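Next up: just one chain, as structure tokens, the form predicted alone.
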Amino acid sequence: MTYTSILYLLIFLPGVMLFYQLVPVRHRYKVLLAASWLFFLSLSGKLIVYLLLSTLSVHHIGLWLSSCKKSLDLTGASVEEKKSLKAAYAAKKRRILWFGLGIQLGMLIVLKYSGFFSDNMNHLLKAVSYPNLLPGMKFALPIGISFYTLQAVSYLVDVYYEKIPADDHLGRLALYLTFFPILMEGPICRYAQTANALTEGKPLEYKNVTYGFQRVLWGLFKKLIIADRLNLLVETVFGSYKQYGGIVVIVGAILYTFQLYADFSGCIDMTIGTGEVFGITIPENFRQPFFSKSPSEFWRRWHITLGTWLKDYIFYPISLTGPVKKFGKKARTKLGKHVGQVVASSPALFGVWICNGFWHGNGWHYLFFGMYYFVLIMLENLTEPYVIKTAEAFKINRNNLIYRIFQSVKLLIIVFTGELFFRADTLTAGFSMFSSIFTGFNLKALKDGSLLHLGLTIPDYVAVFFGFLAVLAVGIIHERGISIRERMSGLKLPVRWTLYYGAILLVIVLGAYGDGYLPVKLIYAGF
């Protein structure tokens, strides 16, 4: 059962809504929690034991951190004794936090990355004529482990720094970690953003329900009409890349990027819409990323909750460590204010992008993807003042249309190249595909019908094209700060519902399913 299945859309979700509305307010969170566990069971079965272990340990460690402070008694202590007691308290609190983080991250690392580490260690040993010493390890992954683990980590760290109180309500904490709309692909929520709303038990209201299903329908449009149709071509090109080169690989990389965006943002639309049905505000995860002008801006608009998580829990902690602060001070002294500042931030930025790469998967191509953006953003930060000075010297208006088009094209090339390596099965395959763009480039493939032998027919291309135009139009409208849903709410009831039924019919008619189409899993559910 996934967010796009008939079982979910016509039975599970309506059933949850019905039970939620029928039970007393104080018990409504229990309906959501039971539904979340049932949803998890339908996808991961007995692996729910990992989820329950994570939930129980987070709850206990949070309370332990809270009780640790209560045990600090400075009554009657001298100044020196107070310092000693506070130091002991701080050390104990850190040990508790690291113990809790060790449980959460330990489960993630063992289940998701142990095979990667053991395989690479064996390759290294083999290279120096040692036999394989580590057994090959591969574990079944519970759905959403990368997402709920980061939420668990953020909760523990926020409790440690006393940004939030430890929650003694096990049910609320469990629901925060496992709320079924966010379980598969996020977004990565913070406790302060959603936890209390999840247990308020707000009644279902007409506006919330209609707005929520508008957003769900828009997500289905992107997922079924664009992402799932493109899957056939993407699988063909990346699965048999040695047969293709040049323009076909370029087309594959471009269309995979659009597939990934339509799939991931479409799922997030369904997630946010489902939360809205129950009166729960789930944070946005995308903000028209393809309207960006630079790699750093792109990542402020793409997978926003992962980016802010990495900034708050990786970038800032690394920046504030003693060695990094000392390194930064020396860099600014020797290299000057601007270059020194950029170099000073490099250890923290490196940490962010190595974690970003690892978070997405356990292959070298994911690490390369992270380092690709690390290098690009470092170069962007280093050269920005010189770009500004050059533009001023040549009297180039950086806000005029031609310059903005140049920036957009440059960014798209960067993004398409990054996604080529991201989607490739291995790093070797990624470099092979990238080099084939130059060694086998030939525009003949655009004229001889080669693109019609990659899994898609002309009607498929037409459906994807008009679907893309719709997404582009909506993006332009949102970029201008116009709320389409607010505008629609002002329409007369018959007109509004005619549009709703028309949109549903469009998804049914143009959606990729049935004969010739295999069910396409949500891409980010695999991360």
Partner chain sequence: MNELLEILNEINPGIDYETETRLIDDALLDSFSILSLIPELEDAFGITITPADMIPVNFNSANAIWSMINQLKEE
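Numbering follows the first chain given and starts at 1. Quick caveat, the model's predicted, so the values are computed rather than measured.
One more form of this protein should be noted, the form predicted together with the partner chain, which is absent from this view; the next part is about it.
Contact check for F290: no non-hydrogen atom falls within 4.5 Å of the partner chain in the predicted complex. Heavy atoms of K337 reach within 4.5 Å of the partner chain in the predicted complex, making it an interface residue. Residue contact check for R332: one or more of its heavy atoms lie within 4.5 Å of the partner chain in the predicted complex.
The closest heavy atom approach of I405 to the partner chain in the predicted complex falls outside 4.5 Å. Judged by heavy atoms within 4.5 Å of the partner chain in the predicted complex, the contact stretch among the candidates 99-107, 318-326, 121-129, 268-276 is 318-326. With respect to the partner chain in the predicted complex, the three residues K86, S345 and N381 uniformly fall within 4.5 angstroms at the level of their nearest heavy atom. Note on the partner interface in the predicted complex: the residue among F434, F117, Y161, F441 having a heavy atom within 4.5 angstroms of the partner chain is Y161.
Proximity to the partner chain in the predicted complex, defined as a heavy atom within 4.5 Å, singles out one entry of S450, N196, Q341, T428, which is Q341.
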